[in-house]
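We begin with a single chain expressed as structure tokens, specifically the form predicted on its own.
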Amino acid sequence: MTKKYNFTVIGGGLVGCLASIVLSKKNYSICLIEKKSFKTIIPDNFSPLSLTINTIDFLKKNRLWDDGIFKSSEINKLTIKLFNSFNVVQFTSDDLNGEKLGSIIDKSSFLSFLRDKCLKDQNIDIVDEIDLNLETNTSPFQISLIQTKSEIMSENLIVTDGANSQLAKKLNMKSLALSYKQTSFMLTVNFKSVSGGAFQVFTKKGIFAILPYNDNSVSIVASVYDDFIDDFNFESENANIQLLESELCPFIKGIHNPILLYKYPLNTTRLVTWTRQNIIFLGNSSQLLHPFGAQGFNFAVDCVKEIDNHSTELFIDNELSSDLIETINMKRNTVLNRIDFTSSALMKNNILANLSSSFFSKAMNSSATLRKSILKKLVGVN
């Protein structure tokens, strides 16, 4: 017998789990499909995820926050350095009347927490270690589960299968090629000394973030331009830590014991539209954002928040609410335009970028009102 669901969520990562939990609270029936094993993850190393205030508040509102599990580190100070020591901007919690700027949590622990919630939820059926085929492109969707040779029917789809989504390709969703010509490396390092807070450093070799972890270690996200990857040699036992430290000067000294957690090229596609009749693409399925503080996940949470707000009127005449689509489209365009502007105006090592970064830093340091306005956008304060 073919089982029927209100929603099928494809992808059992952070976004897929969160969307499933929120929909379940509205008493929808959900089938959550994960290609790999859907299990509790016991992390060997800390893998940082930056959360904005909006994201944290939404998680707490939905009782999805546990300080004892997440190993969170609050951020009360953020320093941005644009190419040289003359262009430094520092934001503090005082700029937001004492409210923290965000938190860094362990991604694996957070994912395990959400998966455990899904496994215990009576409205969510988990199907894992499975490949699927979408037999119909319109609602109700007929989905065949290849290994078990079974089928399910679903009124709606939420797709979170990651960058270069295979379902988006199957559905012939229009997309734009996007390449930052960078590779992002995630490392954990020990140090002799480090300044307080979080840091975002722009240099001609790439964009680097220092994120707090514990008293002995920090996490470093190094998004290195492809021309300089061999100079750092992160994948070797002889990684050029001296070069990394020079790029992060003067914020950290005495880097040692580096552990490379993972790497991925910043080279992907971005969907032109994120919806089709009763299909929603979320997370990196709809766009890849340069990792300035995990905008991709925080923006996905903002989308789930809107879905939650519209849940009683999510559909009109069996189609997604036009108000919901318009709201998220507006948010999506704002975020993408801001990231694209930052990428073109501040990232590149050319005269325009240097002039832009100089203007930006001087404007921020001379106007408390402007600094507060920009900071609200950076950390997701409404």
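Heads up: residue numbers just count along the shown sequence, starting at 1. None of the values given here were measured: they were computed from a predicted structure.
Omitted here: the form predicted in complex with a small molecule. The next part is about that form.
Taking a 4.5 Å heavy atom cutoff to the small molecule in the predicted bound form, the contact residue among I56, L324, L49, I30 is L49. Contact with the small molecule in the predicted bound form, defined as a heavy atom within 4.5 Å, holds for exactly one of K39, K60, K36, K26, namely K36. Heavy atoms of every residue among I10, L14 and Y264 are located within 4.5 Å of the small molecule in the predicted bound form.
Only one listed stretch (240-248, 141-149, 276-284, 71-79) carries heavy atoms within 4.5 Å of the small molecule in the predicted bound form, and that stretch is 276-284. In the predicted bound form, the small molecule lies farther than 4.5 Å from every heavy atom of V218. The small molecule is not shown here, and in the predicted bound form it never comes within 4.5 Å of any heavy atom of D302. Mapping the unseen interface onto this chain, K107 counts among the residues with a heavy atom inside 4.5 Å of the small molecule in the predicted bound form.
Within 4.5 Å of any heavy atom of the small molecule in the predicted bound form lies no heavy atom of G197.
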